[in-house]
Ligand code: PA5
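For reference, the chain that follows is the form predicted alone, supplied as structure tokens.
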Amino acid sequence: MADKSIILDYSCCLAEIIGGNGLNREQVDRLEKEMVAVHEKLAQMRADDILGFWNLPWQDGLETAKINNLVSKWRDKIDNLVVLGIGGSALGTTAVDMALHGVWRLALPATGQRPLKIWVADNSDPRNFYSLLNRLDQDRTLYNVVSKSGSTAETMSQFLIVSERLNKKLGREKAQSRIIFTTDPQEGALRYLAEREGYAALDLPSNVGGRYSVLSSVGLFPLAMAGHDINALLEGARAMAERCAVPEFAKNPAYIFAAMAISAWRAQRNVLVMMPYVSDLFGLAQWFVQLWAESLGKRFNLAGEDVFVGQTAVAATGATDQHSQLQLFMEGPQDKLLCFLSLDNYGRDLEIPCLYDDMPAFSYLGGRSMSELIQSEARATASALALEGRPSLSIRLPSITEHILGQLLFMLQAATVAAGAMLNINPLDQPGVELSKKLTYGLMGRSGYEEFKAKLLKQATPYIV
């Protein structure tokens, strides 16, 4: 593979660069020793097949063959693929498609390289969903319903609405062919419905959670439909998985990322800002926000003790947010660690013309390029923070390709579970989300959840203005 590897630069987390707020040699040595136990824990989890996402780069060809067959069947027959999913069932697909086809991809006509548009309907907002359904040509649209459990309320409501509409417009048999499920291979309502009524269905491995699923059929099917090279995506992930499996702390980017982030959290830096200096990578920053927040924000440790841990992830964009959030990052509370995503090769560029040579505010830009400007802004922002004793990480991407994105996605997933091991919590579950789901089921009248509706009504208050 001609693509180079991504590079993680953590020099701006060290005392020799940023002073007393950085880590000194003794602190780095302690982290290195701590990561020995983390490595052993993760190796055991992999051996026990708990970290299902770790196996995805080497998944057998049966599922990818099913994906390729569906792509061959449908891609020339449709203009739109609508993904019905939320959270981990949606964010990874958006992140990769936005990175490769650009933030304006849905506003521009399809091309040979972008044969169709992926619309990710990731909310139960009726205004949003109504607008989407009524603007798409249903004769040229395919739907991918993504839910591991098969009971996600937001996604199931969308599925029921789409199913009824398609039945009325296309007839039951043709309508059913326009809906493809991605769900647990054995359990859940969608799997049962697929087997009972013959819906096409792709498998999401039982040991892979939604936020770790982008390299499974959850992401691979829609991305392949959109013309992306999913083999290169998996190859990049394999290359990074090999780097993340080595025990040496200094050679393992996932361990370095986790160690820098969690040591910052221990120093009361409770916010981790993911800030790409590429607009097309904002979706990836949003994907990371869910990965980090839902994996690490936990009340209980593995011993069942109250610990209330977690670092708040925030998505920002350079250079846009230099003009909105940077003032806070520079002079606000010393509670943040920034992670910059920078790009060596933007793939295209614009030269800034030499106009108004008599005006210094313009003349210095003449003859330079926009890539030079934004790369300078990224370097300048990291340096400005360092001069103020504020730490940051930098992930440098040589370019934006499927191979590079596969590396980045896997590294951040591996770093997340390593951080979970450092915090002694389970980074694979999300118990805090379940109560809200159960209360929603109760309010919506789902059988068996009446007690949760009663609990919610008890919280109602007359104090309304």
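Since we're looking at a predicted model, the values are computed, not measured. Residue positions are given as counts along the sequence shown, with the first one as 1.
Just so it is clear, the following notes concern the form predicted together with the named molecule, a form of the same protein that is not shown.
- The named molecule in the model of the complex is approached by R211, whose closest heavy atom lies within 4.5 angstroms of it.
- With a 4.5 Å cutoff on heavy atoms, D280 does not count as touching the named molecule in the model of the complex; it lies far away.
- Looking at G88, you'd find a heavy atom of it within 4.5 angstroms of the named molecule in the model of the complex.
- Interface membership of K148, defined by any non-hydrogen atom within 4.5 Å of the named molecule in the model of the complex, is confirmed.
- Across the options 326-334, 203-211, 226-234, 303-311, residues that bring heavy atoms within 4.5 Å of the named molecule in the model of the complex belong to 203-211.
- Comment: the named molecule is not present in this chain, but in the model of the complex one of N144, T152, T93, Q158 has a heavy atom within 4.5 Å of it, namely T152.
- Put simply, of Q290, N80, T381, S263 only one has a heavy atom within 4.5 Å of the named molecule in the model of the complex, and it is Q290.
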